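What follows is one chain in structure tokens, specifically the form predicted on its own.
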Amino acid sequence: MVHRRDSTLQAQDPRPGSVLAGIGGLVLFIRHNDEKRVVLKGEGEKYERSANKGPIIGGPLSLIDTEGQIVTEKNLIGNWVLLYFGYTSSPDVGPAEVRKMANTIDILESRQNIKVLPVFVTIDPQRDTPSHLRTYIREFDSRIVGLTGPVAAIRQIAQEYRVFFKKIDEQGDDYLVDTSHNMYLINPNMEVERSFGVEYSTDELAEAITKEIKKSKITNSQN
């Protein structure tokens, strides 16, 4: 079986020492869309809110957890939430981001006494059934809430959170999913405070989340 890698980690020039110069000399350095969408450190988006219209990103959700129970935004209200959109078949970036999320939660609780609820929403509901998602999440941290659902529901929440994804490299039922791999920090009122890209290390992510929560006047009713 040929090992496949997420598009974020692809596109290395096979001739690193070569330089093409002169007329017609052109180096094509190709990267897939999700690398272009990475949020660099210090450049995480702050989402302004309107008093009349509410948050400009995010919205209601109705998905299914790993036990087959319906979860809506009402189940998350009152918690600070770290939301990640991924898929269990991701060979590289996905597992690294889920591990980062789990380790970040550990740091926040042990060093800062801050509780944040980690939530994993699959963007591949055709393969990520509740039972499959449950098995996957348990390999990282049982505190992570795994959510899946009908394709239409996943597309809706992805649109609400501006999450781009599409199937690529399809070989029958085997395929990768091109996506942004961003995480979202959501306050207890279910408003997005900030997004974080893959460039953040675990320590940097924990530090940034701590700063956002400490300067916020919104408290976590679940603490």
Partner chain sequence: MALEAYSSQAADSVHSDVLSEARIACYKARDAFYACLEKESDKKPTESASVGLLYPAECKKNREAYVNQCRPTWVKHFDRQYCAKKRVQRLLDDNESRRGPLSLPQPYTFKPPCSC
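Numbering follows the first chain given and starts at 1. Since the model is a prediction, treat every value here as computed from it, not as a measurement.
Although it is not shown, the form predicted in complex with the partner chain is what the next lines describe.
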Give me the residue from 64, 190, 57, 158 that has a heavy atom within 4.5 Å of the partner chain in the predicted complex.
64
Please determine whether residue 79 contacts the partner chain in the predicted complex, using a 4.5 Å cut-off between heavy atoms.
no
4.5 Å heavy atom contact, residue 135 to the partner chain in the predicted complex
yes
Mark residue 125 yes when one of its heavy atoms lies within 4.5 Å of a heavy atom of the partner chain in the predicted complex, and no otherwise.
yes
Should residue 103 be counted as a contact of the partner chain in the predicted complex, where contact means heavy atoms within 4.5 Å?
no
Can you tell me which bits of 132-163 touch the partner chain in the predicted complex, meaning any heavy atom within 4.5 Å?
132, 135, 136, 139, 140, 148, 149, 150
